[in-house]
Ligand SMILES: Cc1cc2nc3c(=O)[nH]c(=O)nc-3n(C[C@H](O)[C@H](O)[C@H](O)COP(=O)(O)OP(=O)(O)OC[C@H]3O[C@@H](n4cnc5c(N)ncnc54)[C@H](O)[C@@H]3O)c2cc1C
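Given next, in C-alpha cells, is a single chain: the form predicted alone.
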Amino acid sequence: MDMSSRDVVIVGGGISGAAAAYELARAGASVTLVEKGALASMASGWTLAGVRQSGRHPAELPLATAAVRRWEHLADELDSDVGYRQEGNLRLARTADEVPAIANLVRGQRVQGLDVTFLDGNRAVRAVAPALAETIVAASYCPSDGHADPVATVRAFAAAARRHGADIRTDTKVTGLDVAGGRVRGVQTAAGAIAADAVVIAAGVHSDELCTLVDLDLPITIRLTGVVQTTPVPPLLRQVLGVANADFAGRQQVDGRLRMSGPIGEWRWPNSDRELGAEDALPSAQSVAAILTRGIAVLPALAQAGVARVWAGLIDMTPDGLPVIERAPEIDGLVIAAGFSGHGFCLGPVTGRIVCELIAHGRSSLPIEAFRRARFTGVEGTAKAELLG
C-alpha cells in the first residue's frame, strides 16, 4: 500500500503514539498526533523507564528483544540523546522464601534464549552491584537490559516525526471517532474534526473510553502506583532493580537522582469525565513510606538521600497483564495499541513499527497474535502486576 496516500490520526502522546507517528511519517503517511495534555504527561512520563527483557511474559519477550536491539542505536536514529544506558537489570530475592521465584524466572527465560544469570548468594549479587544490602539472598541478572529518560525519549520521537512532516497537536482532546460503513473516517476534537483513513488509539488509561465511543470493548482496569525521586547522590547503582514479588522497583538516573516505585493500588476516577486535577493522582503517605522503607532495605545508602519529589502514575491494566495490539476486526482502519499494564515503555520503538505495519500491510513482522482483544472473551479479573517499567 502506498503510505503517501494515507491520512492517519494517532490519539495519544506517549511513547507508543509518538513512535507510531515517527514510523508512519517517515514511511510517507500524512500523520496527525493528537494529545489531550502534554507529550509524555501520563504513563510514559511517570514510568521507571526500564528497558528490559527479563521478567517478561513469553509472548512479550520477542518484542522486548527486538526493542532492545533498536534501543541500542535509537539516539543516533532519532538524532537526540534519550538517556539510554544498557547496564543491566537485577531482580532481587530479599528472603529465602523469594529465592525459588527468582531461580524459576532464570530457568524459564534461559530456555527462551535470554542471557540471564542466577546470582546465588549475597557475595555474587554484590559483585555486580556493591551498594546493595548484605541481606540480599540472590538475584537474576540480565546484562543486556537497561533504562532511559522517558520524557526525553517521547520528545525525541515526536521531534523526529515532525521532521518527517507529522503534525503534533497537544492540549487537544478527542471527543469522538467518526465511523461510517464499517470503516473509520477520522476523529472529532474539541478544536474540530480531523479526517483520516486510519486512526490509532494509543491513549493509555483513556483508550477504553475511546473504544466505548464506537461500541468496542477494551477491558482495562486503572491502577495507581506511587513514585519517589531523590535529590542527586553519588553513583550507587548502574542496574535497574526489581524484587521477586514486584512491590518495589528502582534505578539511579543519569543525573544521580534515584527513582523508585512501589506496589500497585486501587484507583477511581475523581469525576465522570475523567479529567485529572493537580491533586487527583497523588500517592498516599503510606505508599511513599513503603517505597522508602523497601528502598533503604535493599540500598542502605539511600537513607542519606533527600526526597525531591513524589508523584503517582496511572496504569492501564488488562485482565492478563498483556497489551492489546491489533487492527480492530470490527472497524476497518482502526488500530489499537493500549493496555500495556505498566511495562510498555521498553516496547515503544517496536510498538510504533508494529502500528505502522498494521496500517500499511494489515499484518506485523513480529508475533502479536497473543495481543488480540478476542482473548478476553469470557475472561474476568485483573492480572497481578509485573515489575514495572
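What you see is a predicted model, and the numbers here were worked out from it, not measured in a lab. One rule holds for the numbers: they count along the sequence shown, beginning at 1.
From this point on, the text means the form predicted in complex with this ligand, which you will not see here.
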Choose one stretch from 355-363, 324-332, 46-54, 23-31: the one whose residues place a heavy atom within 4.5 angstroms of this ligand in the predicted bound form.
-> 46-54
Any chance G83 has a heavy atom within 4.5 Å of this ligand in the predicted bound form?
-> no
Does K36 make contact with this ligand in the predicted bound form, using a 4.5 Å heavy atom cut-off?
-> yes
Verify the contact flag for T225: yes if a non-hydrogen atom of it lies within 4.5 Å of a non-hydrogen atom of this ligand in the predicted bound form, no if not.
-> yes
Distance check, H206 to this ligand in the predicted bound form, heavy atom within 4.5 Å | yes
Look at the candidate spot formed by V11, S41 and C346 and say whether this ligand comes within 4.5 Å of a heavy atom in all three of them in the predicted bound form.
-> yes
Contact residue in the predicted bound form, from L258, I315, A138, C211 (heavy atom within 4.5 Å of this ligand) | I315
Pick from L114, V174, I168, L292: which residue has any heavy atom within 4.5 angstroms of this ligand in the predicted bound form?
-> V174
